[in-house]
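A single chain comes next, written as structure tokens; it is the form predicted on its own.
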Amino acid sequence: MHSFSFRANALLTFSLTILALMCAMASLTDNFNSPSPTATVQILNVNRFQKKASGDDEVGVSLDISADLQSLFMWNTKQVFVFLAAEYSTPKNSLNQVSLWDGIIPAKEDAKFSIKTKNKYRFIDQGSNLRGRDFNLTLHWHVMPKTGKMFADKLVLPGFRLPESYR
């Protein structure tokens, strides 16, 4: 006859194998979800546009952010991290990204929102490259599942321009 420890080991091994198989199948179901999030962002006002003593440009803006990210949620979604970034190019760097706002969406009910806010993080360029600069606002999101790999994507909102002179 088999001992108690042998039977416990066999049961534990079988249980963990089934659990791993269920997690893998759950992770594969994420591939069948085709999210279609929508968002609009408006710059309501350029509150501050100045050259700091260090020579860097600094911008403060008021934003109107509206988004419907409910399609990102399915049964395996734990939460979604979302952030808004200003993206522009300069002669020194082909891509500059500055995070302006971020948030964590814990549930599908919270994934449709509209907020009016100021930039949460400072919009600073190392140099005097922001006057009259065209830039895109890009809404990035990272879907954090309960099991499986993280998924990230973005929505680019083009057509923004900073003023030609400091305020």
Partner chain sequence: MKSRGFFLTNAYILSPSTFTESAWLISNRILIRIGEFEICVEDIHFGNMDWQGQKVAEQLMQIMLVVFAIAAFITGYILGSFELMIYVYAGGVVLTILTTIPNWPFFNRHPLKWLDPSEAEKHPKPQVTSSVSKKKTSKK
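Because the structure is a prediction, the values reported are computed rather than measured. Positions refer to the first chain, counted from 1.
Form predicted in complex with its partner chain: not shown, discussed below.
Not displayed here, its partner chain is kept clear of S165 by more than 4.5 Å at the level of heavy atoms in the predicted complex. Using a 4.5 angstroms limit between non-hydrogen atoms, R7 touches its partner chain in the predicted complex. Shown alone here, A107 lies farther than 4.5 Å from its partner chain in the predicted complex, counting heavy atoms only. Looking at W75, you'd find a heavy atom of it within 4.5 angstroms of its partner chain in the predicted complex. Across the proposed site, T38, T40 and A53 without exception lack any heavy atom within 4.5 Å of its partner chain in the predicted complex.
Contact with its partner chain in the predicted complex, judged by any heavy atom within 4.5 Å, is made by just one of A26, I115, I124, V46: A26.
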